[in-house]
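One chain follows as structure tokens, the form predicted on its own.
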């Protein structure tokens, strides 16, 4: 099969995407990249949707340095959701009004009301000046960051996750995803609670809580002591979790993530039941990463006889997805 003939379109809840690849929140700063790139990088954005860095109600300084380090087959970060707050976020969002892709706003907080307030602030701004912003198609509730006080606690508790989801659902009619933590014994109860509370889909998984030591002092290297492990090292576990949720909640759209570096990696997540896939650590390897992975996904589908990428969804599961 000719790779160019493969239909890569997918439907993520109410959102139709040109192909399955989106960026993982916090790994691709479109505003900064556009400033440094030649040509109109905003118009030529390679992902099917843009997920900006997680925004909170008020500005956050993030964790103490050092905040990032490499580790075999991955990286650990303890950024701590550093961001300028929702008001400044909206000002930055207005600078990419020419983006031809939908935006999914990643929302963080330490309490239910904080998540709902961020969503309301964005909704109000969109209603007052829609022409100043790109197409904001929905939200991803980040209840699973392992690097901030309270953020982890929400994502490990089905009841708290449901409360946050329900409050955000009441504030918007747009697409609503909930980003799940892998730092639980069983991710399925939290996934089910989010969907029952109004989530249209789920993103999984966020980073794994981890630690690395300074080999000279034998003390924690990161300023926050622990951070979130991402990259190829976590892919086998992430695949297992995506498959578990796909089997437990058939028909619920999933965004799979965790160590996607190649087209084969992306296809594996789709085979485990993901509708779309989020690329994270690979973005740090170079601006060509999304195009390379997308071309690889198209070629891998063609090599296996999949005329549509959706034909591969769930083939790794016992009863499909």
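Numbering follows the first chain given and starts at 1. Just so you know, these numbers come straight off a predicted model, no measurement behind them.
Separately, the form predicted in complex with a small molecule exists; it is not shown, and the next lines address it.
With the partner omitted here, the stretch from 307-315, 19-27, 6-14, 294-302 that lies within 4.5 Å of the small molecule by heavy atoms in the predicted complex is 19-27. Not one of 165, 181 and 195 is positioned with any heavy atom within 4.5 Å of the small molecule in the predicted complex. Residue contact with the small molecule in the predicted complex: residue 54 places a heavy atom within 4.5 Å of it.
The small molecule in the predicted complex comes within 4.5 Å of a heavy atom belonging to residue 281. Taking the partner from elsewhere, residue 259 is found to have a heavy atom lying within 4.5 Å of the small molecule in the predicted complex. With a 4.5 Å cutoff on heavy atoms, residue 231 counts as touching the small molecule in the predicted complex. A single residue from the set 136, 96, 171, 75 has any heavy atom within 4.5 angstroms of the small molecule in the predicted complex; that residue is 75. Screening 222, 205, 122, 154 for any heavy atom within 4.5 Å of the small molecule in the predicted complex leaves a single hit, 205.
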